[in-house]
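One chain comes next, on its own, written out as structure tokens in the form predicted alone.
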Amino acid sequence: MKKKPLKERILETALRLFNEKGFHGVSVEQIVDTAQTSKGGFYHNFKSKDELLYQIHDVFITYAIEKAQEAYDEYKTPISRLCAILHSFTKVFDVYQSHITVFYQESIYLSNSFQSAINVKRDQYRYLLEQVIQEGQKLGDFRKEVPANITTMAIIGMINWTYKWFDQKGPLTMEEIADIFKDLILHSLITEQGKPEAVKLVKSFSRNSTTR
């Protein structure tokens, strides 16, 4: 752990301690002692303990946005873009399970300024997903009678809840769970026009996930 950059070491230490004891159960002193640094080293990298919690969120939301944008740029149809985005979004809850669990349990303690910064990035993700759904509706691949904005929020809400119940040692891998989400979401959205592509793609992304 000492070989890692100090900022990363402090962040990983805080993540572990917050997960064990809760945000208010951990002091800056405990963090610097466990990370084997000083208060000077801490405050050189973080203005406050609040900022640590903000950075924990920023790690996984930045990853989610980058992967969603990569999916949008790589694929050319709304159905394939949505499949790829759903797959990458679900994967976040496996890769960053500890980050997400700590953040959602402790986020009520964040100041308004950090909450505002978080909302900006969340909106960025939501707008991209909503754009994909709108494009599918315009092309006739997705049903137009379901509003794109409500559909987007429903998708995000459903997948976000994964952090509460996903067990990395459970019977299903996250790739298998992603397939279930894609099946549920696509079958609620696709038209007859879009059905052939959706059926073809619904499982292709998980089979290729190890190469992504």
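Being a predicted model, the structure only gives us computed values, none of them experimental. Start at 1 with the first residue shown and count on from there.
Not pictured, yet referred to below: the form predicted together with the DNA.
J.: Between I159, I185, V26, A68, only one gets a heavy atom within 4.5 angstroms of the DNA in the predicted bound form; which residue is that?
T.: Among I159, I185, V26, A68, a heavy atom within 4.5 Å of the DNA in the predicted bound form occurs only for V26.
J.: Which one of T34, S38, T173, T62 is close to the DNA in the predicted bound form, taking close to mean a heavy atom within 4.5 Å?
T.: Of the listed residues, the single hit is S38.
J.: Just one stretch in 146-154, 45-53, 159-167, 173-181 has heavy atoms within 4.5 Å of the DNA in the predicted bound form, so which one is it?
T.: It is the stretch 45-53.
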